[in-house]
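Have a look below at one chain only, the form predicted alone, in structure tokens format.
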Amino acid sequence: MAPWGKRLAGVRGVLLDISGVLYDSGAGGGHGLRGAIWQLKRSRLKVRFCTNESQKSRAELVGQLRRLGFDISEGEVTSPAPAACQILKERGLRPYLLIHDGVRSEFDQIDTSNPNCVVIADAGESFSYQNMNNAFQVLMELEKPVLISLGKGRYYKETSGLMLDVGPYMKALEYACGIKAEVVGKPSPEFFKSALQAIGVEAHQAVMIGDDIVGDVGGAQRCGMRALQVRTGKFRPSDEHHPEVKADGYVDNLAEAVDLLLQHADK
């Protein structure tokens, strides 16, 4: 690979994944990571947190991060639930919600009577046969079925081990109904673009830092961004030999990525 100075030259903005990067789900963030965020936000670089978290509302997620000692506000976070609500309102869609109770408050202002679409997220234990079949039945009764998925991750890491994410359940409904879901969240280009617009940075001037080789790294690169993968969270050693996606760099953790950015970016 080229020297770090060349790989990070001209970077003006940073998009940061949260789970698996700032902390592992269910565990705290180390002092070094809190310090790294503090340094990054006080540099000349623009920073945006870009997450597919769909088991918690944005307010709950930020509250958790602040309790862990991170200096983050709701206005700095791009997450899929608010973006999905905007789409539902603009298109007059009334969803059957197959989502986690923790994120349900994000949809309080959405009409869910007589559903004409399905919204699926990381519903955890709510991914029962009955709930999946209810979603299937709603879609099959529609002339033009609409399935909106908050991300399409395959799995993520909890302290107890790897956990299935929304992607496998989204694929099951796609297969059963013969349709294609609309993804709101990473790796959707529109999701990355909305995060970049929030900090006023062009794709070629930005770098994504995440633990997901496909959703974070591959999604960002398809938008014209550079991307670093951290060897934390859901990272697997095989990611460094992925057949389709190669990160612009691999780092042991977020603190190392921030050190490199502060040395070489915006030069």
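Residue indices: 1-based, along the sequence shown. Treat the numbers as computed from the prediction; the structure is a model and nothing was measured.
Unshown form predicted in complex with another copy of the chain; subsequent notes refer to it.
Q: Go through 89-97, 113-121, 188-196, 158-166 and give me the stretch that gets within 4.5 Å of another copy of the chain in the predicted complex, heavy atoms only.
A: It is 158-166 that comes within 4.5 Å of the partner.
Q: Find out whether any non-hydrogen atom of Ala172 is located within 4.5 angstroms of another copy of the chain in the predicted complex, and reply yes or no.
A: Looking in the predicted complex, residue contacts with another copy of the chain include Ala172, since a heavy atom lies within 4.5 Å.
Q: Wondering, does Asp71 line up within 4.5 Å of another copy of the chain in the predicted complex on heavy atoms?
A: No, Asp71 stays farther than 4.5 Å from another copy of the chain in the predicted complex.
Q: My question is simply whether Val146 lines the interface with another copy of the chain in the predicted complex - judged by any non-hydrogen atom within 4.5 Å.
A: No - in the predicted complex, heavy atoms of Val146 and another copy of the chain never come within 4.5 Å of each other.
Q: Should Asp108 be classed as touching another copy of the chain in the predicted complex when contacts are defined as heavy atoms within 4.5 Å?
A: Asp108: no contact with another copy of the chain in the predicted complex.
Q: Taking another copy of the chain in the predicted complex as the reference, which of His242, Arg222, Lys41, Arg236 has a non-hydrogen atom within 4.5 Å?
A: For this set of options, the contacting one is Arg236.
Q: Need the contact residues for 113-141: heavy atom within 4.5 Å of another copy of the chain in the predicted complex, sequence order, or none if there are none.
A: Gly124, Glu125, Phe127, Ser128, Tyr129, Gln130, Met132, Asn133, Phe136, Gln137, Met140, in sequence order.
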